[in-house]
Every structure is written in structure tokens, then in C-alpha cells.
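Let's start with one chain on its own, the form predicted alone, as C-alpha cells.
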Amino acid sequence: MQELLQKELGTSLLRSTGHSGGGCISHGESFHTDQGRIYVKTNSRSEARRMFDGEMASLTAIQQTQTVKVPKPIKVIDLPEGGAVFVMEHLDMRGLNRHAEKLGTQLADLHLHNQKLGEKLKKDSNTVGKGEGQTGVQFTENFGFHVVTCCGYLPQVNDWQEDWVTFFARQRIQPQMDMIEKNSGDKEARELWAKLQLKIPSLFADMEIVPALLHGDLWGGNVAEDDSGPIIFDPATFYGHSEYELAIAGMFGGFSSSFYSAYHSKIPKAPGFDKRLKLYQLFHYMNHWNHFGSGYRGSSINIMRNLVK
């Protein structure tokens, strides 16, 4: 792998820093190169290329908003023996602590970025000679993303939709339900989902949802900080409802009250927020059920039971 990396990156120096990491999906290691330090994620699964391409597109999209810091993505490289590596800049990260409030502010800025682009576009279209030569992130009115992204190693269907409720039901919950059906044939889950589908639109009554660029998997293990401020990484990005982002954040801890206060001072809670948060957590519990087994069945079932009442 060393020779392949040197060739692909055009570096004569490739020396391990002795710093390694990674989670339950991929292994990571840092190296010194001619251009500075890099972090290399390795995964031997056949679907690794798709997963890393989605992560690279996600980091690029977030980086282009200039709202919150992410590791700069460099390159995805196929391994000859199968699998792939993803090369990005190395950042000296530590646990989120001093900059939790700043992360709340910056995450809200990320979520508002597309809305502000839309407002600027509208304003410019009413001004003669404006609105030309746009570069970088473009405004989108739809929900989805231009590539497949993975939450864990499972692919997310990101086909563009005009309606958020349709997108979420069809392209987030339904694929998870299909996997549960295939793997365990869970009758109660199937019956509850049939009832819940009919109920979902009522949770969004009178809401106008502007697509927000999301990290997509923002739990405590995917946030950090350095001296300059907060960092987010391992994204599963798409354009969705901003509230969706806070679902997994609230499931496994790691976020202080100062984070939420700063976030909600920019994006206040809308009526019905708590019920919709449960709905969004359902996706993550089902995704964990499909990744790690039936230990997450109870949480998934309980949410569905409560929402169909």
C-alpha cells in the first residue's frame, strides 16, 4: 500500500506518525508526506469505494460552505487486493469541550447556508446584472444529494425529491424497513410501519421546510476540536430537514446544553419538534438494528408504538 500511496499522492516521503485510529467500520493511520501530514482511512469491503466517494463528496460540500471546519479531503484510491483508501488532511483533534457553544452556532450556520443562498438568489434576480457567475455551492430547492452516501456502511438513497416527507419515508425509513423484513421478517415492525406511514404527514402540518445541508451522522464520536475551534468529520451528507441532524446527537450524548442553546438561538424549535425528533431517531435506531443486530429492536418498536398512538 505504501508504494501505491506514494505514487498516487506524488510524494517521496511517506512515514507513519505512529498515530492510528478508526471506528467499527474503517481503520485509520496518519503519515508524514512531502506536503505535510495526512490521515488515511482503509476499508477492505467491496463497497468501500462507494462509501469513501460519498464521504469525500460530503466533506467537500460542507467545506465549501465555509461554516464549520472539516478535514480537507484529498483522494479516494482503489486497492489492488480489493477495498479502498481515503486520504484527507491530518488534524490534531481532541474531544469537544471548550468549543461546544461555537459548534452549535456553526452547525446552525451550516443548516442555514442553503436558505441564505436562496434568499440572495431571489434578491439578485430582482437586481439588473446580478446573479451571474455563481461558483461553489449552488442553491437547491430539493431534498437529496448528488451521490450515494453511507450512514455506517449501509448506503442511503439520495435521489432528489421535492417533498421532504416523501423523501424521509421512502428513502430513509423504507429501505431500513426492507432490510429488517429481509433479515428477520419482523411482523410487529412491519405492521407498525404501515400505520406510522399514514401518520407522518400530520407531524409536518403547516411547516415550510427549506432543504439544509446536513452532516447526516452527527453523534458525539464524529465531533472534536482543535485550538482554532470545533471540527466535524465522518459525514453522511444530504440536503434534508435541519431537525434531522439533532436526532442522533441526542441518542448517545456528547453534546452540552451550551451547544443546544447556541444552535436554537439561531434556529428556534418549531411546534411539534419533540415528536419529529423521535421520528428521526427511529431511522438511526433501525440503522443500528441493521448494522449491529436486534439489541436495537426494542427502541425502534417503542418509538413506532408511541408515534402511532
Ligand SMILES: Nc1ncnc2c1ncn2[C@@H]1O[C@H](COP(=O)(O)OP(=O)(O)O)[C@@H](O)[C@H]1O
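Everything quoted here is computed from the prediction, not taken from an experiment. Residue indices: 1-based, along the sequence shown.
Missing here is the form predicted in complex with this ligand; even so, the following discussion is about that form.
- Considering this ligand in the model of the complex, the lone stretch of 83-91, 191-199, 139-147, 99-107 in range is 83-91 [heavy atom distance within 4.5 Å].
- Among heavy atoms of L13, none comes within 4.5 Å of this ligand in the model of the complex.
- This ligand is not shown here, but in the model of the complex it comes within 4.5 Å of a heavy atom of S26.
- Interface membership of E225, defined by any non-hydrogen atom within 4.5 Å of this ligand in the model of the complex, is ruled out.
- The closest non-hydrogen atom of G118 lies beyond 4.5 Å of this ligand in the model of the complex.
- Annotation: in the model of the complex, residues Y39, P71 and F233 each come within 4.5 Å of this ligand through at least one heavy atom.
- Only one of G221, P175, P155, G229 lies close to this ligand in the model of the complex, with a heavy atom inside 4.5 Å, and it is G221.
- Contacts to this ligand in the model of the complex (heavy atom within 4.5 Å) from stretch 236-259: none.
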